[in-house]
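Subsequent text provides structure tokens for two forms of one protein chain, presented individually as structure 1 and structure 2.
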Structure 1
């Protein structure tokens, strides 16, 4: 199915209906609050999506994809987020799946794709290292040939969800000659392999998202290399173009705005609902306007994507502003809550806050803290500014 103006409304309704019928209200509540919904709930949701044929819409149809065009894919993801569907298996569905379809051998595809779709495999991404962040090409983890294996030594860090994963796709150095980018290969590593150890790296406010992995003479079959030796850099860069629209993070911002608007009717300032307070109203209007402009910018980008097949450095504009919009919304929520944003996550677990603090306060402060991260990851805000300067403004 592909989108024309006429059936877009029907398609959006179909998604809304599916979510209403299949999404556990508790899961929806947690994902609206920006909280993790738990592994069991994610698996259950993915199973329902797969049954409906929506488990990996961007994939080729023979692997369980939908065959939709880019506009339809965009609408699907936007509508899913709008109805509180949790983001499932980003590394499985949006990263390793498309990469294997584009660059994997038939054997790799047949072995890994079904397991990525069913979540039998849970993937994590091994790109960053302690000495290689925004300057990823300086990575040092090395893989040396030994017969039919590579021997991998080194360390990977900032591995989101690594403690929940059983497989890692990984960039390793296989050559020190020529350009730094030209000596990197793309490996698939089973995390059960001997010689791998892992430690949690806690966020400054306590959450366990990041991990560090250590590789000590880890044997990885050469058959687990995706693409040619030393061709890993371009493979890692080949993110699907339609995913670049989501660098605007506008669906998450839309959910935050919903939360802020609900709170603005309940929280009182000088005895009146906050929505009647002139200063709060002005602040809320700022948030609404900048999000609306961001959404229009995203629709412009979608139009360009459909017309030209790509959006080029405009993705940097979307990312830069999208993160700022999300961060400002989080701050507005916390400021409106005032003391109700004081309890930590753990305080919600024993019910002590029930009836004292609105449920919408849950995870408000932690979300603000978590959102410092996206401004650093995937090319920091400053890297995006440099891209704009060089590739758009031609300075």
Structure 2
């Protein structure tokens, strides 16, 4: 479907009606607060989206996608965020799905794409290592050929959602000759394969998001390699473009802006609702302008993705700006809430705070802390500035 001005309003109304009829109010409440909605609820929501034909909006129709143009996709994500729909399957839908459609063999596409769409396979990303984060080309996890298999040894860290996944797309070193980037291959790994172990990596405030995986003589079929041997770096770069495009996270920022606006009607400054305070209104207007600029930039990137097949270094611009916009919104929420923002999520779970602290205060401080992580993941802010300086400014 291609979006035209005449039917945009009708499409937005269609999304709103779908959410009203199908989205559990408790799931919306948790999603609006940035809280986990649970695996069962996410699977139920994805099942409803798939039945409606919206389970993989960016995919080709032959693989169960929606076949939309970029404008339609943008409107869909914007409206889903506006109506509190949870983010679903980023690694499945926005990362490994597009990579397999672009680089996978027909056999890989036929086997993996339907399972990614249904969530029978839950994917995570195996890129970073203890000694290879922003300098990803220095990765050391090795894969040595043994007949029809690779033998994989090494470790991956900062694996978001790895404890919930059963498959990993992974970068491994298959050669040490020539440039470091030239000896890397892209493997698909079943995490139930013998020789794989995992341990949690907790945030300093206790949340379990990240993990470390260890590979001890793990056999991975050569048939699970995407692309040619030693040619995984280019695939990784295209995937990082998808990740950095997602890292703009304009839909998450849109949710936060809605939360800030709701709070402004309840929280009082000098005895009046915050929305009536001139300084707060000025700050709120700045946050709205920043978000609209980010959304427009994301739309430009999506159009470039269609026209050129990639967005190149502009992905770094989006990531850099998207992180800043989200962090400023988190800071504005915490500042408006004041002391009510201080309790950690654990303090809510026994119900003791519910009587005297607004529900909108939940997760406020933890969200602000959590957003320090995306400033590093996928390449730190300093790395993004270096890319921009070299490839856009030609300095």
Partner chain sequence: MRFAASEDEIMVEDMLDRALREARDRAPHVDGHAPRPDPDVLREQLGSLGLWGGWLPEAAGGADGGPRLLMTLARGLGRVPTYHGLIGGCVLPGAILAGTARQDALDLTARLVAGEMPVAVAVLEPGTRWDFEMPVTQAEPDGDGYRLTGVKSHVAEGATAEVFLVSARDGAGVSLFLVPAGSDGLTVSPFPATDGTTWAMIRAEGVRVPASSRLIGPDDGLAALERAFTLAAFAAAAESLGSCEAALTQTLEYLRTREQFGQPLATKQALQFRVADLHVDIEMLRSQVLGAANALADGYSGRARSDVAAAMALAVQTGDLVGREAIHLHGAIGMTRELGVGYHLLRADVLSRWLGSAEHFRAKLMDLEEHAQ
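Given the structure is predicted, the values throughout are model-derived calculations rather than measurements. We call the rigid core whatever largest set of C-alpha positions still superposes within 1.5 Å between the two forms. Positions refer to the first chain, counted from 1.
One of the two isolated chains is the form predicted on its own, namely structure 2. After superposition on the rigid core, displacement of the C-alpha of residue 273 between structures 1 and 2 amounts to 2 Å or more. Residue 85: CA moves less than 2 Å between structures 1 and 2 after rigid-core fitting. Comparing the forms between structures 1 and 2, the C-alpha position of residue 196 differs by less than 2 angstroms, with the core used for superposition.
In the rigid-core superposition between structures 1 and 2, residue position residue 299 carries a C-alpha shift of 5.0 Å. The two forms line up on their rigid core, and residue 316 then has its Cα shifted by 2.8 Å between structures 1 and 2.
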